[in-house]
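We begin with a single chain expressed as structure tokens, specifically the form predicted on its own.
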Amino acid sequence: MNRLTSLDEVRERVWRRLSKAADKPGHPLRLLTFGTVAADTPQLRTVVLREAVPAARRLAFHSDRRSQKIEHIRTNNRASWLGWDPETGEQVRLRGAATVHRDDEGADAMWREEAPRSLDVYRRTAVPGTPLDAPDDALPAAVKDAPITRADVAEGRTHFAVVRTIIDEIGWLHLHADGHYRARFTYDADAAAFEGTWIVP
């Protein structure tokens, strides 16, 4: 990958790649680390990026509404995202305010759009993190046999939630053979735009 010399190009590239990742399984930015804070301790987990809307500065994934991350957001809505592409040597860090959507239009839309195979985990009756005597996914038999239908996963809607983050800071790092370099973008509400600067990597 060539070195980029324009901050606008970097910012546009970050959002373009995130948008593509949200629609393309296997994209290097499809699986991202999502961070919350609980009792002053960072909490990290991998999530599947399901939505990236540059115009709204929004990233989203879906989650079990009974999971700990949902409670973390309720207590402290500041959240971070981290992605790494080993092929291009790019790291992307994003920060913003997270919200949980359970039964609104956004959650309904994502539930309708997702394939049943992506929704089977919400049929679990056990809360995520529940101790088990042996390794098990705790899924009912109805969602273990292919093909899984929308009717098979319908009961899971009560456990489904969408987590959205409105991004207000973007960090971008490029590890390059000719020298590593880094950019930071901060959203300026008055200007309704991201302001960028190059910073020391």
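The numbering used is simple: start at 1 and walk along the sequence shown. From a predicted model like this one, the values you see are computed outputs, not experimental measurements.
Below: the form predicted in complex with a small molecule, not depicted.
Think of it this way: in the predicted complex, the small molecule has a heavy atom of just one of L175, V37, V48, A142 within 4.5 Å, and the residue is V48. Distance criterion of 4.5 Å from any heavy atom to the small molecule in the predicted complex singles out L31 from the list A56, A138, A154, L31.
In plain terms, the part of the chain that comes close to the small molecule in the predicted complex, with a heavy atom within 4.5 Å, is 38-46 out of 38-46, 144-152, 167-175, 130-138. Proximity of F160 to the small molecule in the predicted complex falls outside the 4.5 Å heavy atom cutoff.
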